[in-house]
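Presented below, as structure tokens, is a lone chain in the form predicted on its own.
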Amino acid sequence: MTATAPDLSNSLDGQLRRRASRVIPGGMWGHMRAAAVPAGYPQFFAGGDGARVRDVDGREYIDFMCSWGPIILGHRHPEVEAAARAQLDAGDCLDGPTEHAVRLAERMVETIPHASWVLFQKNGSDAMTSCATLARAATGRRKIVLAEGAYHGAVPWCSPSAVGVTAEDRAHLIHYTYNDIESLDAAVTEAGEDLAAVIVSAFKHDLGIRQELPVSDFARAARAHCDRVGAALVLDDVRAGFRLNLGGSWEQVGVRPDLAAYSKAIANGYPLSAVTGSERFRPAAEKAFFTGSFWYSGAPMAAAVTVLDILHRENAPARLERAGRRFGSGLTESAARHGFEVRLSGPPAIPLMQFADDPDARLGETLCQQALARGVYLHPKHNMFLSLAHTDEVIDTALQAIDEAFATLARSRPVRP
């Protein structure tokens, strides 16, 4: 029997969608909308353990999205849960931060070579907006140079959506092409003496297109431009931070930023983000006003201290790269075995999978639906993520199911004359 994606219309998930449509605009918001994944994918989840998640109807999946990046150790890692629970039991949102704020800042400064200080927030948009503000505060300038198509958050100055955004919100942005030194040179020249910052992503991870790792010459050019005019080099490490290199993702190319934004994996699913900065930007960080009533909560910071300890202990980037290579080679071999060409791009631990000659991603979506029906949660257009819970056994189990999905896809492919 051919497995198919489940019909959710009469499921608890379907019921929740109908209820949500009455009280939540569009039924759900942002990238968590089920419309962002193929038909048949669940919208609502009940729990997760290790490398697996469960939807509200009790179906379990090996999870290769890791909650869209935050889960780096595995869902509900016992050491992290114990640390967070201890602080929750004592109190989380208090009249001020807990000691974990100091412990975590110290641990991050020890871990990240460019950092001499840290500020904490709640999500990646907070951190990147803080970086832009700090760059302007420190330099007294306005222009920010950033890559065309790059994602840096969901607030007006950088949102991928233009709905509700004014021209004034983006009046001082100038774009370049990632890894293209000529376009970077032109953007910096256009900014002139008003250049406050050059923003770079850990790697090019625009939705639905082939990913690019940073080229060393491009990274050095970005650093040189900032050094020449006194602007800030800002690294958006929200998506990749701690997965590629504990000291920062651009350690791989030998270039260090002035400011960097972290979130996603910092607390293994607890809400937290951070800005790290060099000594030159400390005065601006002391003067600028950043705050939020929930930014000082103790449990996420307690979780993050434990996460960093585990990442160091387990040599996490090396383990994640190895797991990613095992997963990636298995995907490409399985595809070839059934007559398909699959292209992987991006770092092994954060891979994007695409079929050759599949511009509308229909093949990718069908494969993902078939994999979902066999208990594996993939994504056809967005980076996937691996965690330390993706052991060899887990990956091999997933690959067996994915191989069956490829086989079904091959049987349904039209025969060309």
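The model shown is predicted, which means the values in this text are computed figures rather than measured ones. The numbering used is simple: start at 1 and walk along the sequence shown. Basically, rigid core = biggest C-alpha set you can superpose within 1.5 Å across the two forms.
Absent from the display: the form predicted together with a small molecule. The rest refers to it.
- Listed residues Gly153, Pro214, Gly298, Gly74 were compared with the small molecule in the predicted bound form; Gly153 is the one with a heavy atom within 4.5 Å.
- Of the candidates Gln252, Gln87, Asn123, Ser183, Asn123 is the one whose heavy atoms come within 4.5 Å of the small molecule in the predicted bound form; the others do not.
- For the three residues Arg243, Asn268 and Ala303, a heavy atom within 4.5 Å of the small molecule turns up in the predicted bound form in no case.
- Heavy atoms within 4.5 Å of the small molecule in the predicted bound form are found in exactly one of 235 to 243, 190 to 198, 215 to 223, 333 to 341, that being 235 to 243.
- The small molecule in the predicted bound form is approached by His205, whose closest heavy atom lies within 4.5 angstroms of it.
- Within this chain, Thr276 is remote from the site of the small molecule in the predicted bound form, having no heavy atom within 4.5 Å.
- Using a 4.5 angstroms threshold between heavy atoms, Lys264 counts as touching the small molecule in the predicted bound form.
- Superposition of the core reveals a Cα shift of less than 2 Å for Ala356 between the shown form and the other one.
- After superposing the rigid core, the C-alpha of Ala35 moves by 2 Å or more between the shown form and the other one.
- In the predicted bound form, the CA atoms of Gly153 and Ala35 sit closer together than in the displayed form, by at least 3 angstroms.
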